[in-house]
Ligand SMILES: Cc1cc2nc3c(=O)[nH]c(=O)nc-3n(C[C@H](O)[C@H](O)[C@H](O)COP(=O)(O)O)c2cc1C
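The chain below stands alone and is given as structure tokens, in the form predicted alone.
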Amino acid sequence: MQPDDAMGETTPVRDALELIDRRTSTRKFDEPAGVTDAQRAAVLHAASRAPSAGAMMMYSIIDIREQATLDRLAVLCDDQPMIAHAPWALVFVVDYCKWIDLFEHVGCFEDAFCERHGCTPKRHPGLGDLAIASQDAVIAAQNAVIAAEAVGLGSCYIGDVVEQAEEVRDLLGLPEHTFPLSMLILGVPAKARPQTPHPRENLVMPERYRRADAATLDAQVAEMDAMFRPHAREAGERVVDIYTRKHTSPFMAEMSRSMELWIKNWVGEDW
């Protein structure tokens, strides 16, 4: 394939980069349009092709189409009606339960096995396992996001799925050694969506982490205020908005409470 411009980029390369650049979250869906079987298959295949540590695929995807489940999730995820109006949702579950089941199925927990292989007896997954599994799950979710965009679907991440841990666990039937890291709602966008601005100041740091100096912080504030006008009327208003609406919000307090329970669930502790 020959490059077709001065930058040496082929058309497929440009198409992929443009798709990533134009993607923005969709919160209103063309409900009658629905989602086709071909679109679902393409999105789920892309998720399955995501990089995975040791090809262990330490995540599971709960495919949600029933309206009753969507309605309940809309309430549990910080009362967001858009979830109930989405024709499709995918919950990306960080999952070590299926590996525990596999280990037991082939006899890894038996004393004779451990003696023969010189390995430790059965252990519950720890935070190191959680770090790797979480990366697996979120990479798969982002693959699904890009594939959805490519086949004409919009999507929106719902981080609030970790809230109300007790009820979400029961609703989705989640066993120990799992937790719902993120959810996507998907469907045909109701209308064309403007590109969402993404701040870039103080984002890329050469070689090592660098705390921002006053000039850099001022540049961040100015960039955010400029991007989010007319909402920002005074210098720093965007930062203040994030502090009051998110950082100190009741939903974030609930998310933190629930995350403590999900971590207990991950390591096999009773709630």
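None of the values given here were measured: they were computed from a predicted structure. Numbers follow the displayed sequence, beginning with 1.
The next section is about a form of this same protein that is not shown, the form predicted together with the named molecule.
Engineer: Closest heavy atom of residue 135 to the named molecule in the predicted complex, within 4.5 Å or not?
Structural biologist: The answer is no: residue 135 has no heavy atom within 4.5 Å of the named molecule.
Engineer: Can you work out whether residue 256 and the named molecule are in contact in the predicted complex, taking contact to mean some heavy atom pair no more than 4.5 Å apart?
Structural biologist: Residue 256 lies outside the contact set for the named molecule.
Engineer: Is residue 27 close enough to touch the named molecule in the predicted complex, meaning at least one heavy atom pair within 4.5 Å?
Structural biologist: Heavy-atom contact with the named molecule at 4.5 Å: present for residue 27.
Engineer: According to a 4.5 angstroms non-hydrogen atom cut-off, is residue 160 in contact with the named molecule in the predicted complex?
Structural biologist: Residue 160: contacts the named molecule in the predicted complex.
Engineer: Looking at 100-108, 118-126, 76-84, 168-176, which one sits within 4.5 Å of the named molecule in the predicted complex if you count heavy atoms only?
Structural biologist: Going by heavy atoms within 4.5 Å, the stretch is 76-84.
Engineer: Just to confirm, with a 4.5 Å cut-off on non-hydrogen atoms, which of 147, 130, 156, 141 contacts the named molecule in the predicted complex?
Structural biologist: Only one listed residue qualifies here, and that residue is 156.
Engineer: Taking the named molecule as it sits in the predicted complex, which residues of 166-205 have a non-hydrogen atom within 4.5 Å of it? Please list them.
Structural biologist: Going through 166-205 in order - heavy atoms within 4.5 Å of the named molecule in the predicted complex - the hits are 196, 198.
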